[in-house]
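A single chain comes next, written as structure tokens; it is the form predicted on its own.
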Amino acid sequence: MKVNLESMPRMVSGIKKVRDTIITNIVLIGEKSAPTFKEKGRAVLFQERLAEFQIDECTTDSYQNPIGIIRGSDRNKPPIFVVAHLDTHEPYQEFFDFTVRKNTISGPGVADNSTGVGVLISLPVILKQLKLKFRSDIVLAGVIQSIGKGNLRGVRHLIKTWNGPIRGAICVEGVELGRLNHYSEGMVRAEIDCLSSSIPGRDKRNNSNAILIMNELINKILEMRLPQRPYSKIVLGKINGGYHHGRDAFDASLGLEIKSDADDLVKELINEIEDITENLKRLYEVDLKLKVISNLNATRLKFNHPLVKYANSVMKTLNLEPKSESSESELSIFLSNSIPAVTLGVTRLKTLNPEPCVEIDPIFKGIAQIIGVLQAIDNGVCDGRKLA
């Protein structure tokens, strides 16, 4: 059940030998636009690249998640999943311009999550270069409809419809190298829209100002009492409204997120905000609606679970300092389905750059840690182990 930790530094050197392939894949993926619900072009490219690398099997599931399978030697062992979300936050456009310099790769969405996807489709070439074999099948999945309103639909469907058990999983994110996510807080993300001009029969000149109504809604939310235990937090993350400096605002919207270690408390808080919204709607006779756009259950691997401990060891061998925090990502769906999993970051974000930019050199350590954790799972670190 042991991983040869001493081989990790040598593995980094081996990965560097396919540097050009890795960078090419990151750029090719990054230049293909893939906002949530419009990932088809990137999904097709994902399959094409895996086919070029002569992966054992290349297909899609019934939800159009592209999947590549590297066959293992033991048909009795359940597969190990390595996943990365295909969608990005950037609006759709025909082509994104990426730039590769000596030490960096820059372009829209390079950190979230073009680098993660580029590394994922490079794994068949990297494993051949390192001459590594596994007993389990390795399933490489690019999942669609993950971020924002996608609400992780791609990975939810993938796991729900997979025929048979899953041995363990690694979720790959572009940044930040050193992240070791192994738990997810309960979460509800919602949007509240106010339209004060849509009530039939009312003179628009007499309508209430939507910004002032939203201000009162915010004040009511800030008056809510939150317990110290279990941990809970309401984040008012975005707001907009109005049209012109000299006109009352007929519309406004608020985006918020509720987080807690307890699912019941998340439900209680969103219900209370919904009651506040309904009360203000009746009070001001406006169209005020709350819509939940995504949600997650609280779930975790304990810090002393063997998978987390081995991942820590692998990272420290590579001189990486593990950092753990909640991850609202594919990780939570694996854990909710009793599948041991962790999320790992590939490289570092170059924060002082005027455009989104990641560093190249750390990528090779980032890939080595992924392979090290893969080996640990393949050697049985998750077998017969409960999540908590």
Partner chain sequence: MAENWLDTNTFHHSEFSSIDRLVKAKKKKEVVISLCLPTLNEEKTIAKEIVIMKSELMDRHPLLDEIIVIDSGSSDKTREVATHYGAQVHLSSDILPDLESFKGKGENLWKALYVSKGDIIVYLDTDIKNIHHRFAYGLLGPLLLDEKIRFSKAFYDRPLSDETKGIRPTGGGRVTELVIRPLFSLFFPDLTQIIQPLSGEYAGYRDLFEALAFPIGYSIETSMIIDIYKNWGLEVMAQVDLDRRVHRNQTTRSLGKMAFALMQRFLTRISDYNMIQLKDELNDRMIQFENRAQEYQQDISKFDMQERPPIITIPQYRERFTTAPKKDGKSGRKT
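It should be emphasised that the depicted structure is a prediction, and the values quoted were computed from it without experimental measurement. Residue numbers count along the first chain shown, from 1.
Missing here is the form predicted together with its partner chain; even so, the following discussion is about that form.
- The partner is absent here; in the predicted bound form, the one residue of K291, R75, R101, K131 having a heavy atom within 4.5 Å of its partner chain is R101.
- The listed set L28, L349, L320, I339 contains one residue whose heavy atoms approach its partner chain in the predicted bound form to within 4.5 Å, identified as L28.
- Only one segment in the set 325 to 333, 341 to 349, 44 to 52, 57 to 65 has any non-hydrogen atom within 4.5 angstroms of its partner chain in the predicted bound form, and it is 44 to 52.
- In the predicted bound form, D264 stays away from its partner chain, with no heavy atom inside 4.5 Å.
- Taking the partner from the other structure, its partner chain in the predicted bound form has no heavy atom within 4.5 Å of any heavy atom of Q375.
- Mapping the unseen interface onto this chain, Q93 counts among the residues with a heavy atom inside 4.5 Å of its partner chain in the predicted bound form.
- Contact check for C357: every heavy atom lies farther than 4.5 Å from its partner chain in the predicted bound form.
- Along 10 to 35, a non-hydrogen atom within 4.5 Å of its partner chain in the predicted bound form is carried by R19, D20, T21, I23, T24, V27, L28, E31, in order along the sequence.
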